[in-house]
Each structure stands twice: as C-alpha cells, then as structure tokens.
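Here we start with a single chain on its own, the form predicted on its own, put down as structure tokens.
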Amino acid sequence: MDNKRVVITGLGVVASNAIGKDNFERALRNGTSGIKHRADLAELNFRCQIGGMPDLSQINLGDTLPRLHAEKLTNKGIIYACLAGVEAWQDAGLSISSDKTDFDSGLIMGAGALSYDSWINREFPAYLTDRGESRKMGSRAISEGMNSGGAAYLNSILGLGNRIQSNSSACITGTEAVLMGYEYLAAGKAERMLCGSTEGDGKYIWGGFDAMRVLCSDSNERDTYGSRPMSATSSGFVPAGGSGALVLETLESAQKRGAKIYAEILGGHVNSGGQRNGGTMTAPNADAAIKCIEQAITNAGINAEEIDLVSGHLTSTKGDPIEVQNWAKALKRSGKDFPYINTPKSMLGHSIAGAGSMELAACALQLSKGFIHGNINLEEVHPAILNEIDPSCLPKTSLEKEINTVIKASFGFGDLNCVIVLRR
C-alpha cells in the first residue's frame, strides 16, 4: 500500500523573540533578536551572561491554558509546550473537547531539560528530600519532573487518544519528533499528529554548558550580537529556551475538512555517526551527516537541484564551516549554484531540544508566506564557508521570494543527525 501524503496544517511557537506564530513571522521578517543580557548570570560569574528566554510576562497564561495549569505549573519547559501545542491545534482549526477522547489524533512532544529550576529553586522539591521532608513535595513533583511532562500536561488539555509520546535526542529532538509523526501518519496509523519539542531555560540548565566553554562569552556588553552563525568571529552558541509545535495531518484528512495547508512533508532521514571517524559527543562524523542529507533527499523523492533553501543547524560555533562543507558535498552544489541558507538561531539563540521544532515552524512560514528570513549579525562570513558557497546565498536581511522546497537539518550531541524535506 502506498504511503499517505502528510501536510502541516497548524503552527505554534513560543520563542525568545516572539510568542505566537504571527508574532514569530514578523520577528523573522524584521530580524528581531530575543537575546538579552542576564543580570543573574553576571552575578553568578558565568562566562556567558546572555540568553534567550520567552517573555511570559507579556501574555496572560489564563487566556490559553486551563486555570489550574495557568496558576499551578512552575516548570517553564512544560508551560512553553502547552502554549505552543494549544496554539498549533487551534491554528489548524481543531476544537478541544472537554468530554471526548480523540482517537484519530496523537501527540509527540519531545523534551530536553524541561527546567531544573523547578526542582532546585524555591526548595521544591530537591532540598525537601535532603531534609527528610519529601512528603511536602506535593503531587506535581513527578509529573513536572519527568521528560514526558510536556506531552502529558499538553494532552491533559487536548484529550488525544492515539499515540502519545515524548522523545529526547539532544539537539535533534524537535526535528526527530516531526519525522516520527510524519512516518506514523504516512503508515496510516492516525489522521493527525501534533508534533514538536520544548526546552526549559535558566541558570541551572545553562551552567553546565557554560562549564563546557561552548557558550558565547565575548558579547556580554552587546547581547543581541552574541549569536552569529557562519560568522568569522563566532565564539560559541547563545543558550535559549522555547517550544515549537506543528499539526501534521494526512492530506486526505486536511482536504476533507478544508484545512489550510502550510507545507507538505516529502520525507526525511535520521541516523548517527556512532561517535566514530571524527564523531564525538560534541563533534559530527562528517560522513554520517552527509549520508543523512543524501538519504533524506532520496526518501523525499526529489533531486538536490530542486532545493531552494537550506535551513541549517548552524549554532554559531566552530562547527558551522564544517556543516556548510558537508552540505556542499551532500548536495553536490557550490558557489552561486548553492541554495540560500539561513538559521533563526541568530535571532533566537540555541534552545537545544526545542530548536528543531521552532525552526521547522520557521520553514513552514517561509514556504507558505513567500519569504526568506535573514541571518542577522553576519557582518563577516567565515572564509571557509566562502570557499564553498557564494555570498549571495547568505541573506543578511529578509527577502520577499517565493520558494518551493526547503531542507531542514538538526545535528546533535552524541553524533546524531536528522533531516526533513518540506515543499510548498
């Protein structure tokens, strides 16, 4: 039996530079950065004192979430997931029933570090356990602490009855969640899947990265300049939190109910370099990354020449030139023949598990609205990148341009790779 075609019918975004997909689109077009100096990090002697946090003070949680969620949830990673997921569901024109289970729909909401703050700050619940007062932890300690918390709390709102899952695969988590949902729908196991990912933020998550010396430490006095992927002066990534969510649906189901369609998912691939042949916990096995790109193109049933835009992983580290070299080899395109290439991390920072889903939402918006967002802070392109592609392929500001095919990649800690191809 032929696989079913799968489309994207709803988007939800909670990002450092915007909350809500319409605000997110405007921020992408305008090159708006959500990265800010953090006084708390400076007081704690962090080398990197900047980060990207969604500004929840700008919204009323009660307008979107049930009262108990809005008033009681303390875990920001879960809050981000619920906000993005509900927005995507409603954006797709789908209703939320208070008494019926929707067995035709499922949910995959990946997660990284949801939020250590809710376990350590405010003496809840880690210190209570150490003091022999674990009975005071409350009933939400486990549900907010487990990695599946984002999926569980979101589904308590939506009431979906098909596959409910939370994956966790470092930086590829969001892209992998969408690929998993696509494969599940293509196999005819559901009519729709709400797919995405989330990541918490704050000092307890970011402290470990700061200790690894992988974060940007040269822009504490000019916060919005810190994240500069593909730049000759990139000095490390800027940490961030946030969530993205996409409603995936079989084309048959979407057409039957007259849903708007942002894009079609043509296929993808996921693999690992096995931490061999140059691959490590933090560095890619180039052969595996290239193979993942090539196989995704094959699985999508297209030729590399059809790709208009590469949405790269591109974290603002020394790995950026290597990634672009891998793209050039995999696509067999270089110079002016290379597609446009961008990443919203220059505006958002890198939200680890949350990154791929927000970036896929950006891809869907660019396809459906006919624009290519710019790479801000790209004042001086890394010379190794210019050895591969022409500067004209690197937009620094937004371009109004109709595009038909986008390829999106996420490359993650542990030598993991995931690539998806979308079409308008």
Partner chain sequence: MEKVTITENLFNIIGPYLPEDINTGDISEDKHLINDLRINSAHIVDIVLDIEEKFDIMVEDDIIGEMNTVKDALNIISKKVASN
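Not measured: the values here are computed from a predicted model. Positions refer to the first chain, counted from 1.
The same protein has a further form, the form predicted in complex with its partner chain, not shown here; the description that follows concerns it.
Asker: So which stretch, 351-359, 36-44, 390-398, 60-68, is the one near its partner chain in the predicted complex (non-hydrogen atoms, 4.5 Å)?
Answerer: Among the candidates, contact is made by 60-68.
Asker: In the predicted complex, does S139 have a heavy atom within 4.5 Å of its partner chain?
Answerer: S139 belongs to the contact set for its partner chain.
Asker: Spell out, yes or no, whether the shortest heavy atom distance between R213 and its partner chain in the predicted complex is within 4.5 Å.
Answerer: Although its partner chain is absent here, R213 would stay clear of it in the predicted complex, with no heavy atoms inside 4.5 Å.
Asker: Give a yes or no for R276: in the predicted complex, does one of its heavy atoms lie within 4.5 Å of a heavy atom belonging to its partner chain?
Answerer: Outside the cut-off, so no.
Asker: I'd like to know whether K318 contacts its partner chain in the predicted complex, with contact meaning heavy atoms within 4.5 angstroms.
Answerer: Heavy-atom contact with its partner chain at 4.5 Å: absent for K318.
Asker: Identify, from the list K260, K329, K72, K189, the residue with a heavy atom within 4.5 Å of its partner chain in the predicted complex.
Answerer: Among K260, K329, K72, K189, a heavy atom within 4.5 Å of its partner chain in the predicted complex occurs only for K72.
Asker: So which of R131, K256, K336, R135 gets a non-hydrogen atom within 4.5 Å of its partner chain in the predicted complex?
Answerer: Checking each option against its partner chain in the predicted complex, the one that comes within 4.5 Å is R135.
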